[in-house]
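Take a look at this single chain in structure tokens; it is the form predicted alone.
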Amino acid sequence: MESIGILGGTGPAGRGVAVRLACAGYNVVLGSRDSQRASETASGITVRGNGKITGGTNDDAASCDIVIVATPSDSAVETAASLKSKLDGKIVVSMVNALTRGNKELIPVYPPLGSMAAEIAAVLTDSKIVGAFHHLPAAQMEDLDSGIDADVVIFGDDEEARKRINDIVNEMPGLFAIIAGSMALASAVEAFTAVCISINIRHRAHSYVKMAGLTH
């Protein structure tokens, strides 16, 4: 199996994806600007399965076969650009959402190119950019007993890369992959994250996306 690195992987969203990847048998590297913090975070995650989670720098994570960008939106492009040479030719998954706080809700922020995935693609010109993992409640992802049964919307222009991420997601417990289409959908997919989080804030819930009418 490929190794999978997560840039900015020590946050709740990164940890949630990491533990379910490890449960599917993947070896995951949590990347951070603080390698000690990453190592401590990784050691505190319990995995059920054959994979393992280790901590390191973002450079360490970028050295993996497949790389996920889970940094905050204000540092995602800069971080990706600084690691371009290591990311060339690789599948790079953006799970970054640009959001700002409103009155008891979150509001989507639209970057100049329309989406964070497009912004990352603009600096990683030799990587295969795929979007995924946007609408998942972090706490339920990290809790392997949460019973989450969520759909993961996937987009990107490289068909082979999309299919590979689709297959990986379907191996992760509690998740089902849905390929939505091309990078043209990135803005809509990312912005809907604000809706999901705002609903959860308002209703004090941990809901997630489930698309009815599809065969699982």
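Everything numeric in this text was worked out from a predicted model, so none of it was measured. Note that residue numbering follows the sequence shown and begins at 1.
The same protein also has a form predicted together with another copy of the chain, omitted here; what follows describes it.
At the 4.5 Å threshold, heavy atoms of residue 189 reach another copy of the chain in the predicted complex. Proximity of residue 178 to another copy of the chain in the predicted complex falls within the 4.5 Å heavy atom cutoff. Using a 4.5 Å cutoff between non-hydrogen atoms, residue 135 counts as a contact of another copy of the chain in the predicted complex. Using a 4.5 angstroms limit between non-hydrogen atoms, residue 74 is distant from another copy of the chain in the predicted complex. Between another copy of the chain and the residues 182, 170, 36, 43, the one pair within 4.5 Å by heavy atoms in the predicted complex involves 182. Exactly one of the stretches 124 to 132, 76 to 84, 107 to 115, 90 to 98 approaches another copy of the chain in the predicted complex with heavy atoms within 4.5 Å, and it is 107 to 115. Residues of 64 to 89 that come within 4.5 Å of another copy of the chain in the predicted complex, judged by any heavy atom, do not exist; none qualify.
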